[in-house]
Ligand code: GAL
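Consider the single chain below, provided in structure tokens and representing the form predicted on its own.
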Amino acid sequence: MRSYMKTTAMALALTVAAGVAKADGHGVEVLHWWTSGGEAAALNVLKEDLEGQGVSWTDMPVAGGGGEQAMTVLRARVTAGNAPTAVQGLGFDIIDWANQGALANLNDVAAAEGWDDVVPAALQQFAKVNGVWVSAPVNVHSTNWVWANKSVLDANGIAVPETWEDFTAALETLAAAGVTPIAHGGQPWQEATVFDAVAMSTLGPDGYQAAFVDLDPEVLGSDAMREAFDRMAVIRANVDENFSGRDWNLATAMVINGEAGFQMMGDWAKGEFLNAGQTPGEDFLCFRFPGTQDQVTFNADQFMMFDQGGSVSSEQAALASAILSPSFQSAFNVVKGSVPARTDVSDADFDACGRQGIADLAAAAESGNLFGSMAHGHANEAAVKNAMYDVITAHFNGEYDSETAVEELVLAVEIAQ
């Protein structure tokens, strides 16, 4: 595998070099929301790769972990006729831009490098629109992870919880010890991320599919959904009083620093632990949210290539080529905390959490338990996602009880469709 990766990387470098020789010199302007320490370190792997090949990089970071602010900036740029060359995108947002005719055609690059053979079908659903590759997948994140401070758990005699009952018992133990049980950032996308895992644990995979993909009103209004909201109320009771508006990486820092026991967050959180010099299994623990051990909810960061008024530019082709190279897929995802977007990348350089993530993803794909994340725009279109956000956040902040939240969820989804 290592020999294959080196050979492929050399071939790609020659291909990119040939493209750069014909480039117009503008390089790439990259709009993204990777602004935390761990994310910036991962993105720098890609930036250095491109600049090492003679492609200049103009960075355009827009803070905001869910990407909402970045999409607002992007819409303004496109409206002004000044789209960036490459933009980080997720799920249905990519499909929406493609259907507007805003994205460049990457089929030549994809065909030359065999993307169809190595990118999982679940990702191709968002990277290809009407048979046209319009974005380059960078990674696969899974969202139903829990992160824990090992020293805090050990000091309080807490084992990795396997069930919801185990988890609530651990929360009670931490609260009694004067430790904030759950680190959380009060932003709609973060509450939806937690709800994703909680709902999967209460509804099960068939119920999750019916509720968040098929939008079945009976399941959206079911007793199991009410139970999911009841469990969210338990989680709300175990966060600190200053959670509102906190960025996700600051919540991760609470776990890193021993101020909190747990955080429910996607595997991008691992990059923060690594950036702080911590080691999985020694300083921090990673495990699936109790009750979702056999399921994976995912999102996939991709870079959309915006049409610059003609065929895809050589710089855009170089960027897309670099993103899908096996060597970059390994190097980037080792740092980022995610797993490769192609299936032929070795796990040799990954840590324990990374290897678990790769194995979990493969097993979930094989068993049919791999689901696009509702919270991260991979289960349904933005209007529906945002309608769900509103209800989930209103409930989390005490505006609705669980019974009302279920009723509002059914109504909000009906209106949003």
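It should be emphasised that the depicted structure is a prediction, and the values quoted were computed from it without experimental measurement. All residue numbers are counted from 1 along the displayed sequence.
Note that the form predicted together with this ligand isn't included here; everything after this is about it.
Among heavy atoms of residue 360, none comes within 4.5 Å of this ligand in the predicted bound form. Not displayed here, this ligand is approached by residue 39 to within 4.5 Å at the level of heavy atoms in the predicted bound form.
In the predicted bound form, no heavy atom of residue 262 sits within 4.5 Å of this ligand.
Interface membership of residue 330, defined by any non-hydrogen atom within 4.5 Å of this ligand in the predicted bound form, is ruled out.
Only one segment in the set 340-348, 88-96, 152-160, 177-185 has any non-hydrogen atom within 4.5 angstroms of this ligand in the predicted bound form, and it is 88-96. None of 303, 273, 248, 208 but one reaches within 4.5 angstroms of this ligand in the predicted bound form through a heavy atom, and that residue is 248. None of 268, 212, 195, 145 but one reaches within 4.5 angstroms of this ligand in the predicted bound form through a heavy atom, and that residue is 268. Shown here without this ligand, the chain has only 299 in 274-300 lying with a heavy atom within 4.5 Å of that partner in the predicted bound form.
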